[in-house]
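Let's start with one chain on its own, the form predicted alone, as structure tokens.
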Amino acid sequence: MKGGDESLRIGIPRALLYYYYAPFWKPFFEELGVEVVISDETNKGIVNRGVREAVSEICVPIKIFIGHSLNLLRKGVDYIFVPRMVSISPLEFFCPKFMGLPDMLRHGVNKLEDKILTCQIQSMDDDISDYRLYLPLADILGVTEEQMKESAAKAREEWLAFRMYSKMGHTIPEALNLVENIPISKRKEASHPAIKIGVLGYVYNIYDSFVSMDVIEKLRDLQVSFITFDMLEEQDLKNEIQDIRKPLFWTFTNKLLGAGYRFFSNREVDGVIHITAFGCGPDSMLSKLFEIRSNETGVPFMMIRVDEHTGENHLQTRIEAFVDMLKRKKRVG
């Protein structure tokens, strides 16, 4: 369907929830006849521009998101899509920075005042394909309600396929490629890896290879298999924390908590690594809960905090030492 303004160009920053919802947002806008522009892969220039424009107190992922938005501005887009992410689960919410992100960019970053295209996302589950959420964009896009309904239905199919690939054990970059019929490169891990690690962290920390310094590939180089929260069923994650007295307030933090508790309790992994970005408020609590559960279960745990200054050699050394320890522990056990 091509019902919108053919010349309109909308940018989607390759940051934050791009790594979870781009398979819906991109085809949704494209079905409406809009040209979608994705920002470049994260690089030092994008990070530096984000750091310069952002307030110093904000967390690293938000600084990087601002850098990606400025990257899109350079590409000459008409608008930058920055949804106000409120909730995707009853009685749970996104981190306040996600809720205030459109305002933060509109009023805090030069030249973005009239470039932000936003709507409020609030649903009962992970599926945010209800076209009514996006109706406030109809006039700007020049499309009808029926066109939005049809586009959302088609885009939903791609997002569901993306989630299916993730739950089959593919990383999010692999799942993104599979949805677009792009062949994925042959994996490096051995057919019978010696150890398996649970890798915990928000999708924008783990799967942004610049932020995580490609921790996934480093583990593969060490012949280590791994599992992440996005490879698990949503209901399984909820089941893991249903008995705790007070779940956390933030949806994706609870997803990580559920995955972590499963890894520690079921002993399906030999160790757990938590990758967190400097300045993340929810993670300051999450890491402590993982430390407590590690002490209770005896499953080794390592927290890696990254920021815009983290050195790759330092990270490589820590991961190698952790993997060596797990291998020695397994041999002794």
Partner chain sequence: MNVTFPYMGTVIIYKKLLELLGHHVIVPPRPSQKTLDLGVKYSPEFACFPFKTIMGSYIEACELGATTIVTSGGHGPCRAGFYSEIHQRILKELGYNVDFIVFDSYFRDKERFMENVRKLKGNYSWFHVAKAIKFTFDMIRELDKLDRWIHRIKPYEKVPGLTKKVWEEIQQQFDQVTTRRELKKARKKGKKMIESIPLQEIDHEKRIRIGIVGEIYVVMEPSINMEIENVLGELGCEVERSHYLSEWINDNMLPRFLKHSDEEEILKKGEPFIEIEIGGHAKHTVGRIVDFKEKGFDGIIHLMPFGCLPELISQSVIPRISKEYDIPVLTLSLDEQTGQANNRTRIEAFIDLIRNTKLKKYTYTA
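Numbering follows the first chain given and starts at 1. The structure presented is a predicted model; accordingly, all values stated were derived computationally and were not measured.
There is another form of this protein, the form predicted together with the partner chain, and it is not shown here; the text below is about that form.
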Q. Using heavy atoms and a 4.5 Å limit, would one call I197 a contact residue for the partner chain in the predicted complex?
A. no
(Q) So, Y79 and the partner chain: in the predicted complex, are they within 4.5 Å at any heavy atom pair? (A) no
Q) Hey, in the predicted complex, does L160 get a heavy atom within 4.5 angstroms of the partner chain? A) no
Q) Taking heavy atoms only, is G100 within 4.5 angstroms of the partner chain in the predicted complex? A) yes
(Q) Counting any non-hydrogen atom inside 4.5 Å, which residue from Y165, F93, F226, Y131 sits next to the partner chain in the predicted complex? (A) F93
Q) Which one of A138, I216, L73, L248 is close to the partner chain in the predicted complex, taking close to mean a heavy atom within 4.5 Å? A) L248
Q: Determine which one of 44-52, 25-33, 264-272, 282-290 lies within 4.5 Å of the partner chain in the predicted complex, judging by heavy atom distances; exactly one does.
A: 282-290
Q. Even though the chain is shown alone, can you say which residues of 105-136 have a heavy atom within 4.5 Å of the partner chain in the predicted complex?
A. R106, H107, G108, E113, Q120
